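In the block that follows, a single chain appears as structure tokens, in the form predicted alone.
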């Protein structure tokens, strides 16, 4: 018999489980998530939670066992399939740690399908911790009712990124030196897209020319004000979603 949640479904704790979930199967929740569930949220055996796997969808589950460092759940009902995700990549040069984490978090909340770190000549960070960025995106998805996560690509240099860029995808280059009105450009174009955000200090002259020479690239302006990188990313994603996303 299906358990009855102790309170409305939309107020239940949500957790991401990196496994293929299915009805009537049981799963272990490891240390950090188990601590959050049992110590912070004070959930007990018999309580209900929501879980998602970024593969098959979202489920209602019941806590069936609690130990000192772990707990176990059983899947009892499928709530919804994995959400359809707008086909938008965010391609951005790494910036200072807290602002970089915020960019990844907000991009996930807004609904991107992939996060692509790009190394440029003025990039001040040459290594990224992909697992930590993914953790920030998982937390955002847990809190914001997303059940699909952006793919996290490794850091890559600008030139190889442009050389391998797919022919069927538009590349909207947020050009601080000036570009076409983004609103007008979006009204004229449909389909898969990527947004390219530069580093602090912008792209070099050489990089700017390289991007503009790419057949998929379209230089766009985000308005008359100079925006920090994380703000530009949020603004550009929001503009694209308002035209061609799922808003």
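Positions refer to the first chain, counted from 1. Computed from a predicted model, the values in this text were never measured in an experiment.
Only in words, not in the display: the form predicted in complex with a small molecule, which the text now covers.
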Check: Among 57 to 65, 44 to 52, 30 to 38, 217 to 225, which stretch sits within 4.5 Å of the small molecule in the model of the complex, heavy atoms only?
Finding: 217 to 225
Notebook entry, point to check: Just one of 140, 174, 162, 116 has a heavy atom within 4.5 angstroms of the small molecule in the model of the complex, so which one?
Noted result: 174
Notebook entry, point to check: With the small molecule left out of view, which of 229, 12, 239, 21 would have a heavy atom within 4.5 Å of it in the model of the complex?
Noted result: 229
Next item on the list: Using a 4.5 Å heavy atom cut-off, state whether residue 201 contacts the small molecule in the model of the complex.
Entry: yes
Note to self: I'd like to know if residue 197 sits close to the small molecule in the model of the complex, meaning any non-hydrogen atom pair within 4.5 angstroms.
What the structure shows: yes
